[in-house]
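Consider the single chain below, provided in structure tokens and representing the form predicted on its own.
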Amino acid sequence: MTTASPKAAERAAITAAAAADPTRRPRPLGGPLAGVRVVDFCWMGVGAIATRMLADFGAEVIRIEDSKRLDLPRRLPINKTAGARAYGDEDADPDPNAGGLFNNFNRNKLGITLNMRDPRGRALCERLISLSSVVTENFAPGVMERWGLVYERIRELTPEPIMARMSGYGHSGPHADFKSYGPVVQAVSGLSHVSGLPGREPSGWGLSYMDNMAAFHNAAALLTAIYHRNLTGRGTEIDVSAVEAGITLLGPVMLEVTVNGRKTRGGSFPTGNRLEHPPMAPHGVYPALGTDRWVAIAVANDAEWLSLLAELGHPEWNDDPRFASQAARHENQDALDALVGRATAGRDRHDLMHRLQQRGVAAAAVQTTEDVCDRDPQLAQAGVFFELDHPVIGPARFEGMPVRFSRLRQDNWRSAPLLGEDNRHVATQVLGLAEDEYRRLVDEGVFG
């Protein structure tokens, strides 16, 4: 028998205490999705964010995790106690319960650790599926097939199920087996090639943007399938491709290429902060007072142009023939941007934002993350961030849903599950195992 390290034993004790805490004990859930049980194999962001939306509104989402192969967001050292590190700087011995991204992605869910390499683990999983109506996964294609958990088998286990499969390229076609992460998806879908500043190399966003965007498509597909089943009684299999979700974001660039034959690189394209359709100018991000401080300004017509000049104290610019009309200003953006940038460089970004907005000009301070989290009064009033307690990291703020309903509320009943926190509950209360049978399966490594 292997003896647990002091750190592992301490973590196990914290998980046991959390599982016994009555304030964290699973309870009947409220919301429009109450009564929907989801067996959730999702990991990373693209899957977990999608099923979080179901959990926020009442679905009983039960995460199936592998204690030997931890979800990457559990391993990243982005949490309240880890200090500042780079996003991809993994901890060699991470506390799987402290990961900030994991805790943000998985609130309101239950979590169990089940050994799917053991036939008894797979049998328990099938039993859980037979008591559920939705199965979700975002593994690389082939993992669910190795376990025999294809849609035909899921249909044998539970009537009219919904099975949502999410991957980079979808589950058919010549690239179906390709591996992918958010930046790869962004490149293949064409987003990277049309992003950045004119004359510069393709640019990314500094994060796996498509994890979030594909997750919203995944959630919409799941909700559509649940609604369809409510109407017809029929389940369905869902195959979501993150690459195809990315293509939907290309927008007018697709028209430029297919209708006008335009190249997506070269000369003045990509346009960066500028806007061609409609031809707005000035339209960009300009320096403000302070180090690395900026303000965004967009002028759409002559009235806004005159308001901008009045606020910046340069009415004489209107006499310059280069700026005599919206079309002329758009044609001479380089010269115009240089003037606007010199005029804004000594102005406080938030003060200028308010003054221009009062004059009817669209303007905004380019906010830092600290501004967004701690200083923006609009976001504070909207309650964008809310607080949940957590057994390991303590009270912490989480991002909410950017949607408010007049008669529905998000059911934030618990922070994310600790690793294996709900093993006993699911085994004994959902699967109906006796306590001694559950203990034996834990000792034999089927749970945990």
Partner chain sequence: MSAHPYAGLKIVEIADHVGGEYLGRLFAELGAEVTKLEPPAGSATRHVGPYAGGAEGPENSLTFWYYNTNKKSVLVDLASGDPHAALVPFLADADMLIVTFQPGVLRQLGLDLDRLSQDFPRLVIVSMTPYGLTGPWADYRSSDLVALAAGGPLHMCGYDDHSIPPIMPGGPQAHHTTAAFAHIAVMAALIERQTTGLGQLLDVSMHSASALNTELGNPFWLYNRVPVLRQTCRHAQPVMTQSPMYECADGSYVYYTLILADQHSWKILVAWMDELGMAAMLTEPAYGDVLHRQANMGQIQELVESFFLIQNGHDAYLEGQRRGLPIGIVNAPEELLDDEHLKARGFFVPVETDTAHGTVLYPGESCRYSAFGAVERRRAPRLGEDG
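Positions refer to the first chain, counted from 1. Small disclaimer: the values here were computed from a predicted structure and weren't measured.
Below: the form predicted in complex with its partner chain, not depicted.
Just one of 296, 324, 289, 131 comes within 4.5 Å of its partner chain in the predicted complex, counting any heavy atom, and that one is 296.
Among 150, 116, 249, 306, the residue placing a heavy atom within 4.5 Å of its partner chain in the predicted complex is 249.
Although the partner is absent here, residue 139 sits far enough away that none of its heavy atoms falls within 4.5 Å of its partner chain in the predicted complex. Using a 4.5 angstroms limit between non-hydrogen atoms, residue 313 is distant from its partner chain in the predicted complex. Taking the partner from elsewhere, residue 277 is found to have a heavy atom lying within 4.5 Å of its partner chain in the predicted complex. When its partner chain is considered in the predicted complex, residue 93 lies well away from it, no heavy atom lying within 4.5 Å. Judged by heavy atoms within 4.5 Å of its partner chain in the predicted complex, the contact stretch among the candidates 131-139, 208-216, 116-124, 327-335 is 208-216.
If you take 103-119 and check each residue for a heavy atom within 4.5 Å of its partner chain in the predicted complex, you get 103, 104, in sequence order.
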